[in-house]
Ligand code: GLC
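To begin, one chain is listed below as structure tokens, in the form predicted alone.
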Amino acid sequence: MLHLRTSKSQLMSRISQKFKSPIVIFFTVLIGILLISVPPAFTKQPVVLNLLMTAPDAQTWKQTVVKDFEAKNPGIRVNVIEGPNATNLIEDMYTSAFVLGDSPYDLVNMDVIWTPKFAAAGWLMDLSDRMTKEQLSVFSPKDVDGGRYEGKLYRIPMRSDVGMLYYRKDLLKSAGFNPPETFADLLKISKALKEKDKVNWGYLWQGKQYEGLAAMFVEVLQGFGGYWVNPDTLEVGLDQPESIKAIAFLQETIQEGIAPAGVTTYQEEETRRIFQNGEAAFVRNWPYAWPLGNADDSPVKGKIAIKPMVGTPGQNGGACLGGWGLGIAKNSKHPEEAWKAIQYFTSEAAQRKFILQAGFVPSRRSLFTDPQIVAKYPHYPEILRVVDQAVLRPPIAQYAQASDILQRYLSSALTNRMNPEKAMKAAAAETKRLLKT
């Protein structure tokens, strides 16, 4: 047997010297070509998958699921590219890369509201045939719906996020109140606690003109039985009576002093800080506020609880769905490796580790009640109740423009710059024109 260290040229020379016939020489040359054209296994470079995300998220990913995936798949490397902290800037970076036509990204980490835009533009690979109904059934149904566009699946949920109602369980208990179930209950309890000087404010919500205003409004709108845009028919419901009632409720919280007049300038952090300081009985916010509210230095540590947003009699409130998921860029040169990574990142074992270390909300239903996770995050079973009432912002390709329309007119109505009926009629008309184009 020839020594393994023998070079290709030496091997060809020895064979040709021993066998001089033309046939043998022909096969000697052929073997040489094959030896030259097929590189040794030990020189093969790993496939590199590029993935863009915010800098804080990037560190968490690198230290958990990416590290584990690469250890299990030595032939694949995931290059996590750290972008700006602002998610809208991440969206702009993805958009610019895709528009230029030579995107460097293989995996696409998407906010739920980006999926329709990216899919409609033809930037994402259709994943509909990659997973069966049974495989998808382990995820929250709304999280799966958030990855669809026009019946096709483009995004697999990695982590969920939902708006919910936080309340001071100690104050409600001492005053003899059960947690509210309707908007009327919320107003009643808020007024009573204010009159007893238990709190400065009853209910806080996000009223600034930005995406958080739209997220907050879809929950109230759902609670009154209304809708924004029907994605199947493209009907617009902003000028319907339910929408006007939803605005009237928000206005009443200001008029009755339940919410401060400045609430129309608040984002999540302003409302969280006031609630966490013990100045309010209720606040609408996202799951991230829970660990902050229960930190050792928090005045309301151990005094807060969560529940789904209230509604009207016979109508559940909504929980605006946020969250992130993974898709594959249409122009990726490594779709099979990218799919392998998605399968691992969204697996039960990977998500469990990711959640335990990062504290995110899972997309797999079983993990909300997983003993290991509940031991660390005892409120997760309650979050599952909220997730079950999740409502999507309209999954339409023109979502960003539709949201801008709603934000402008809703802000005008809430700050008394426009009559609510006129504002919503104008918002509906402009949205209809947008959808026709």
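Just count from 1 along the sequence shown to find any residue number. Under this definition, the rigid core comprises the largest set of C-alpha atoms superposing within 1.5 Å between the forms. Worth saying up front: this structure is predicted, and the values here are computed from it rather than measured.
The next section is about a form of this same protein that is not shown, the form predicted together with alpha-D-glucopyranose (GLC).
Close approach of G323 to alpha-D-glucopyranose (GLC) in the predicted bound form, 4.5 Å, heavy atom: Contact check for G323: yes, within 4.5 Å of alpha-D-glucopyranose (GLC) in the predicted bound form.
alpha-D-glucopyranose (GLC) contact at Y210 in the predicted bound form, heavy atom, 4.5 Å: Contact check for Y210: yes, within 4.5 Å of alpha-D-glucopyranose (GLC) in the predicted bound form.
Contact of E268 with alpha-D-glucopyranose (GLC) in the predicted bound form (heavy atom, 4.5 Å): Output for E268 is yes: heavy atoms within 4.5 Å of alpha-D-glucopyranose (GLC).
Close approach of Q240 to alpha-D-glucopyranose (GLC) in the predicted bound form, 4.5 Å, heavy atom: Contact with alpha-D-glucopyranose (GLC), no.
Check all three, T87, D111 and R393, heavy atom within 4.5 Å of alpha-D-glucopyranose (GLC) in the predicted bound form: Yes, each of T87, D111 and R393 comes within 4.5 Å of alpha-D-glucopyranose (GLC) in the predicted bound form.
Location of alpha-D-glucopyranose (GLC) contact in the predicted bound form, chosen stretch of 111-119, 253-261, 220-228, 172-180 [non-hydrogen atom, 4.5 Å]: Heavy-atom contact with the partner occurs in 111-119.
alpha-D-glucopyranose (GLC): the contacting residue among F354, W286, W205, W123 in the predicted bound form [heavy atom, 4.5 Å]: Looking at F354, W286, W205, W123 one by one, just W286 meets the 4.5 Å heavy-atom criterion.
Residues from 163-196 in contact with alpha-D-glucopyranose (GLC) (non-hydrogen atom within 4.5 Å) in the predicted bound form: Nothing in the stretch sits within 4.5 Å of the partner.
Displaced residue check between this form and the one not shown: G163, CA, 2 Å or over, core reference: Moves: no, less than 2 Å.
P84: Cα shift of 2 Å or greater between this form and the one not shown (core-aligned): Superposed on the core, P84 moves its C-alpha 2 Å or more between this form and the one not shown.
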